[in-house]
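Below sits a lone chain in structure tokens, taken as the form predicted on its own.
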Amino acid sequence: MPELPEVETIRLGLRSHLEGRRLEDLEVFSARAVRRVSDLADLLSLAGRRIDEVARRGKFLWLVLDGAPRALVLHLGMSGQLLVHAEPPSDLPRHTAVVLHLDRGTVLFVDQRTFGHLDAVPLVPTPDGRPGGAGTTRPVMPATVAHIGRDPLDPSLDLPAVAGRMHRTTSAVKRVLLDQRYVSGIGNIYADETLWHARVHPERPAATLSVGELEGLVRTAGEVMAEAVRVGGTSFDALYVDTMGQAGYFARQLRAYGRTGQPCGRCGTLIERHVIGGRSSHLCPRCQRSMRVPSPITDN
């Protein structure tokens, strides 16, 4: 599933092609892609408006449209792709779910596993009065996004407040990183990478870390993900590509995730895979020590 760096890479690609363009029409090919739309007329009513901003919070993207009380929300799900074309292709790719026709060019929403969706969502004020997310200056966000926290790449993230909330829970720190109510956009890949860089065991209770250490952990997550954005995100297969159909290269820089049995880049100890909270976790048992370390899972 695309995580924050992959969605941010796509946002940056969309921004350069969409902002200032007019959304002329939406062509829907898959009812599942608009399954969350309560009234299709609300979605179609967005046609004819100028796209002012391409915004993101966590893994949610939305288009801010000139004068519209609703935003066009796009969620990629597990395999969604947003592909920009200067001209409408003569043959649509397989699994094309929705086509956004612009006054110049088109955007195809292609979704093989059909977990992604588009929706027309009312905009609501942000509780803190700050911009709704990355890429927007407006203190509003789609109502369906309001339940998730800001993410490590959001310039309006209140880091001390987030760390203070994290410090009040005894849940495993990896589980807290994955909980979108604290900080959004971090999935399994970048949680493992963040914890490796911070030398923190994923099962360590968040409350045993100081507020300062938790601030540093979230800051590290932002640094890791910013580097991933710089190289286009992480691609393990053809399902994740950017808006021009290109793969990302951060997989080459992974230090923990997916490296079971390979030497740690710091100390040479072999990376282990554990199941913690029902999720695979990759860690160095020497660099990321815990008072209680579970037995490793072998892939044999």
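We number the residues from 1 along the sequence you see. These numbers were taken from a predicted model, which means no experiment stands behind them.
Here the subject shifts to the form predicted in complex with the DNA, a form of this protein not shown in this document.
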Open item on the list: Within 4.5 angstroms, counting heavy atoms, which one of the listed stretches 63 to 71, 45 to 53, 264 to 272, 28 to 36 is next to the DNA in the model of the complex?
Closed with: 28 to 36
Task: is_contact(E3, the DNA) in the model of the complex, heavy atom dist at most 4.5 Å - done: yes
Open item on the list: Can you tell me whether S280 touches the DNA? I mean in the model of the complex, with a 4.5 angstroms heavy atom cut-off.
Closed with: yes
Open item on the list: Residue-level contact is defined here as any heavy atom of the residue lying within 4.5 Å of the DNA in the model of the complex; does M78 satisfy this criterion?
Closed with: yes
- [ ] Give a yes or no for R230: in the model of the complex, does one of its heavy atoms lie within 4.5 Å of a heavy atom belonging to the DNA?
- [x] no
TODO: Assess the spot marked by H95, I189 and S235: is the DNA within 4.5 Å of a heavy atom from every one of these residues in the model of the complex?
DONE: yes
Task: Interface residue in the model of the complex among T106, T136, S171, T126, criterion: non-hydrogen atom within 4.5 angstroms of the DNA - done: S171
TODO: For the stretch 97 to 129, return the residues whose heavy atoms include at least one within 4.5 Å of the DNA in the model of the complex, in the order they occur.
DONE: Q112, R113, T114, F115
